[in-house]
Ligand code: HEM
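Okay, here we've got a single chain as structure tokens, the form predicted alone, with questions on binding and movement later.
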């Protein structure tokens, strides 16, 4: 914690050049995106396993609080992706480092260039939704649901800390979690390669799910065509939207399941490894460092397993019926 506090205070005091602020923003946006990824994978899996809960989650995402968060999320993804591309380029072209300040300014400029029209379209969707007579979750509902996520994070951390402490007592180990040089080099390469591979997938996802057809159209609009498919969301439920999208076939192939599976695997490992770098920078206590590294390792495995299970299971007519009944009960 001391190292983290020092970084924050010194960053504010130093007021360095544009590269420093790009570094700070890259880490902050990365943290924001990984938190969203965890929530998004878990709640989307509910479309397959807990349809009523997924409908409730989408109702909450359509609230003003999460709408504001969606704008921050899109901004974070765009900046993090473009700045990551700058980092990859300069890592493999060290002779271009003399242009790093210009490259950073270009990233900021491109981020604004992308966000201005994107926000304009998103704002149009937002205004249209809030000027219509649509059901919106209350703040009490949001607090109740999100408190469960917070409790889940707390439980995971407490268990990890307890196991780390017990491990230290039994083994009397004074070592944190350290990977070999070979593994670190492999993960360094993975971060660069996956960062490039994720770009078309994540921008494609943003266009489809936040611009062309966003959270306001996922639920509450019957007879709407599901973006990227020829399917019609007959019930207007979020569960049928997800199910119809995953069940869409192109030449007999469930392209959107494969697309989402690739995005899940690449982004989860990329994001959690980035979180590991941050933990190793600031968690100097062996006990805490070991606990957080364990939580990250098992967390990424659990997230991929949950997401993959949902993609394989999909959503069927029974799930659509449960989702429709849930929406009827709250209206």
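Positions refer to the first chain, counted from 1. A quick note: this is a predicted structure, and the numbers were derived from the prediction, not measured.
The same protein has a further form, the form predicted in complex with the ligand, not shown here; the description that follows concerns it.
87 is the sole member of 224, 87, 114, 75 with a non-hydrogen atom lying within 4.5 angstroms of the ligand in the model of the complex.
44 is the sole member of 52, 280, 63, 44 with a non-hydrogen atom within 4.5 Å of the ligand in the model of the complex. For the three residues 217, 232 and 248, a heavy atom within 4.5 Å of the ligand turns up in the model of the complex in no case. With a 4.5 Å cutoff on heavy atoms, residue 196 counts as touching the ligand in the model of the complex. The ligand is not shown here, and in the model of the complex it never comes within 4.5 Å of any heavy atom of residue 319. Contact annotation: residue 270 falls within 4.5 Å of the ligand in the model of the complex, judged by heavy atom distances. Put simply, residue 125 is far from the ligand in the model of the complex: not one heavy atom of it is within 4.5 Å.
Of the stretches 154-162, 101-109, 139-147, 237-245, only 237-245 has residues with a heavy atom within 4.5 Å of the ligand in the model of the complex.
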